[in-house]
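In structure tokens, one chain follows: the form predicted alone.
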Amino acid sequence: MSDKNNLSAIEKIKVASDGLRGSIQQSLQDEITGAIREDDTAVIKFHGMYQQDDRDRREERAEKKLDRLYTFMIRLRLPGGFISAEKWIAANEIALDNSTGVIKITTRQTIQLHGLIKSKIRPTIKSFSEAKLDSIATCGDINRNVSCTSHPGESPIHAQVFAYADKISNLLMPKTKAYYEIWLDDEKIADKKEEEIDPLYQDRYLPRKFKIGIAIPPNNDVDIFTNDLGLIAIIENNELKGFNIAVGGGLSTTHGNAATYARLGTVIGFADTEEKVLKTIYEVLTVQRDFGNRSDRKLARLKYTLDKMGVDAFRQEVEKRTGFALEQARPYEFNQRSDRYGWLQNAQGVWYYTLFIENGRVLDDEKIALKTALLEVAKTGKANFLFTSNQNMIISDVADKDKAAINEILEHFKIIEHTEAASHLRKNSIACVALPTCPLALAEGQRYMPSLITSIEPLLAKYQLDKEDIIMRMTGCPNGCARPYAAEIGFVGTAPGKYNLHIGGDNEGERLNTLYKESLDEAGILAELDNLFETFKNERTSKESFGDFSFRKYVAAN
């Protein structure tokens, strides 16, 4: 069991938080600062928010002896990344009224708004609630937004698999009513404690955040093995037989701390019924709750618990708690993990259009009126939306008779032209938010990645590699939010303008990459990639991907 005598500061805050209430009410009433109390910065995460500040303006404000420019990020709970047209319209209005106006699609298939000032938090959450949206349990040491293979065209029974995202989300929701009391003015009743007894989370919650994904082979678009727990759908003759269950994925590391590492999940077995699948998921969380590291948060994810216990002992503990043994894992194959751009029809004859949204930033700029275009689509009432794990959007549920009308809007706003013009590399790239709002960022992410790709594209063209589906990702720190360690080419920020270059991950997401060069500036990055692409062009085997080539040439050979 975890060490109860040497708890980290966050563990003590959770237990003392009165069911995640903390002193948030008092923090909100403090008009002297735009920040909330220090302990509340941990508690508020469970309500779907992070306190941030504009790091671009820290120095300027410090010189004027002003407080930092504190704002908040809020993230919605959207299992599987589905949002109706009506809710998308509401999110647009709320973003415009209360935040920077930019809607950010995340790598976990949800959206977040940045730039909320403290006085706007409650109005924002109330507006979300009126639209039947919430931010409960999207951050913090708890199960977060459940992701799922996004495109209904992946399987005739996609809807049946997709439904598990919502089932899992509901199963693992916390019992506390704090969210409703603080943000929606629900009355706190004295005997409500009885209703809030939480057999799963108790008053400790989990040692660290927990992520669950669902994949439908052969497309590993959700990067299933990067999740704490992954479900791999086993489908035979268009019948769902059950799920292989993988545990222990996670990519966050810490520079200079050898005890931290990225890890892909390990398949521990197969469950054939909904009851067994949900019971196994629940008990995996209880094992992590009871055995996870509560002393060192850097070593608190499930991957460390699994490696400390050993895979066999971990599985046996789960089976002891479920009361049944997992079956042997069933065969499956992944052969891609890209989004399916353009128009595609599912088995039921419904149309879906996947559009490219660079780094998930939905806004109108000098290049394209993306936000306006999507709002116009939503206003027709003839489509819904799905978010992908690659930060893109699928215009979904378009009837055959309505396709022409939706296509006309996309053409008018040049969305189709924009999507088709993006290079293969750009479409396969993702980056984290990083500066200026992320407090952990050491270097730029989404603000820099587009221009770096513009410099890399001519190198690929130089060696006739511009049609290669190379997966490239960037994060501003080693936390790995954009999954750089599971990319064929990964950039991890080390300092302003400096990145570690990782190569050798596979195209399917079943092998991590390896550190190749440290702390490169842009000139160094381009020089290294120029050499790598030239060697790849000259020495690759037939149909060998860049990831497999670089692994064979530079990793396995050493």
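Since the structure is predicted, the reported quantities are computational estimates derived from the model, not experimental observations. Heads up: residue numbers just count along the shown sequence, starting at 1.
In what follows, reference is made to the form predicted together with a small molecule, a form of this protein that is not presented.
Interface residue remark: residue 337 is not counted as part of the site for the small molecule in the model of the complex, having no heavy atom within 4.5 Å. At a distance threshold of 4.5 angstroms between non-hydrogen atoms, residue 293 is out of contact with the small molecule in the model of the complex. Shown alone here, residue 533 lies farther than 4.5 Å from the small molecule in the model of the complex, counting heavy atoms only.
In the model of the complex, at least one heavy atom of residue 107 sits within 4.5 Å of the small molecule. Interface residue among 329, 440, 347, 461, judged by heavy atoms within 4.5 Å of the small molecule in the model of the complex: 440.
Checked against the small molecule in the model of the complex, the candidates 285, 415, 214, 431 yield a single residue with a heavy atom inside 4.5 Å, and that residue is 431. Between 23-31, 519-527, 505-513, 45-53, the stretch whose residues reach within 4.5 angstroms of the small molecule in the model of the complex through a non-hydrogen atom is 45-53.
With respect to the small molecule in the model of the complex, the three residues 143, 244 and 289 uniformly fall beyond 4.5 angstroms at the level of their nearest heavy atom.
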